[in-house]
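Two versions of one and the same chain are coming, encoded as structure tokens; call them structure 1 and structure 2.
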Structure 1
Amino acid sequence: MIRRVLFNLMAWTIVLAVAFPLFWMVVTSLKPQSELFRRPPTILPETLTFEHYWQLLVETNFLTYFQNSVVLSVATTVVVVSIATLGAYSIVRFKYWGRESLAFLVLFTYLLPSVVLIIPLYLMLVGLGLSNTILSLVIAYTTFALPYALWLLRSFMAGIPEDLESAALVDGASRMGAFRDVILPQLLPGIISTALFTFILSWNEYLYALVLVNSDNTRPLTTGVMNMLISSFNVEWSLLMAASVMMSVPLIIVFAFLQSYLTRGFGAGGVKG
């Protein structure tokens, strides 16, 4: 009984410690400017205000950055999931020389630090005339999201019995028909978890966005907010906290509805080869 109480106490202490920065972020975004730097600080705001949110939406480029992040994350997710699904199907179902070596080579690229690829990617995108565009970020994000997505879907694909597809082929279905009608429905949980992983990764990415785009029309939220609210001489803490809350909302909503798929995806990647 004592061990159980101590365990619960320790668990709740860890949960509260992890959640406190999020709580402080929300509270700070709702405090008026006069209360922001008061000593000692107030835990709860004496006066609630939404002026920082209003100022952010009306007087800044926040909505443009938000729209860029949505387009960028959705496009990257569609590209990565499409390529990873076909790639995983090829690696698991078809027999050809170098299949396993190819899979490990793809995983090896995931282990490379992102900073190593920035200069070659930047030169390649400039050569293609795609510099400073959202498409350039989609290509860059695909390079680091695709390897993990491929291995995640490979684990799910390996768990689908090959007999199901063979039965469909015997019944007269084409290879693509069997893939569409038999494999894809079985693979749906894996596709959803992979899409979630890719979307979160793209939404939060900072380094590539910082280097590859330098225009307000193409900046995503991560670099746009930092560029707008943080300088060498000043940090707009109230606006920064309000922006952080609004940046977190889409991820919280997506995670709240689809968290079981994400957990299942990480579990599948850990126990299957």
Structure 2
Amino acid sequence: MIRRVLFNLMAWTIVLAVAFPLFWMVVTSLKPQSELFRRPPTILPETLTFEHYWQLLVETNFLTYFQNSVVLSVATTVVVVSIATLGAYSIVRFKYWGRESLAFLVLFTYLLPSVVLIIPLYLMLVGLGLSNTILSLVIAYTTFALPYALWLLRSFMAGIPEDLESAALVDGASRMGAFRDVILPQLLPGIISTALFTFILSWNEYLYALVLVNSDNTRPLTTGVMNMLISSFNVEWSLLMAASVMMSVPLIIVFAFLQSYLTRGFGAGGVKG
């Protein structure tokens, strides 16, 4: 019994140590400016304040960045997941020339470093006159999101028994009819978890946003928030921590409500990182 309690205490000490930076982020964002610079620092704030959150919404471009990030991530997710669902169905269930090499290419590009693609992509998007637009980021994000989504959906698709589809075909359904009525409902949990991961990837991306966009109207959260740190000569850590918390809110929501889908996705193909 004592051993069990000790083991639990040890385990939770490690867990809390790992989570401490995130706890400290929330605490800092709620401290008034005066308390922030007190030594020794207070672990729990003596007075709670939401002034930094208010300041963030009213005095900075945070809301624009937030909106850009939402548009960008949703657009990338919708485009990538719809293309990848059809693609995964094709790769798993049909036989045609070049299918094997295509599957190999998908896996290869899943591992490809962004810095190799970024120079030609930059030249291409500048050439198309798309630089500084959200569209250019959606295009750039498909370079990592599409191979990833295909890779993930492929393994979900492979898990659906082929018999179900054959039965529908024998009953006279067309191939696409069977896809719509039989495969799609079965694949739905896979589609949801792929969509969640694609959204998280796009929400967190930094490098392409840094290179392709440099105006405040189109900047997403990642580069926008970082820019607040660099451009303000007087760094306000509470403000930055409040921004970090707000930036993580969509992830926390995803986490809280859709955890089972996240675990499923993790099992199917790992998460890109």
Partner chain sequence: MIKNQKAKLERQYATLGMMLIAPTVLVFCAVIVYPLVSAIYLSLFDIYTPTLQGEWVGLDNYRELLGKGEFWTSLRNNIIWTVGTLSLQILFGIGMALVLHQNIWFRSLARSLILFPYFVSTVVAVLVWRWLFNDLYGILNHLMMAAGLIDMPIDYLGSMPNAMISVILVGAWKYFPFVVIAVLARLQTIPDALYEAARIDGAGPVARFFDITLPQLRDVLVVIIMLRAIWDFKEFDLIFLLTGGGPVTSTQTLPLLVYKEAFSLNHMGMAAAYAVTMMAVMLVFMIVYIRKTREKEA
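No experiment lies behind these values; they were computed from the predicted model shown. Sequence positions of structure 1, starting at 1, serve as the residue numbers. Only the largest set of C-alpha atoms that superpose within 1.5 Å between the two forms is called the rigid core.
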Open item on the list: Given these two structures of one chain, say which is the form predicted together with its partner chain.
Closed with: 2
Open item on the list: Tell me whether Leu9 is among the residues that move between the two structures (Cα shift of 2 angstroms or more, core superposed).
Closed with: yes
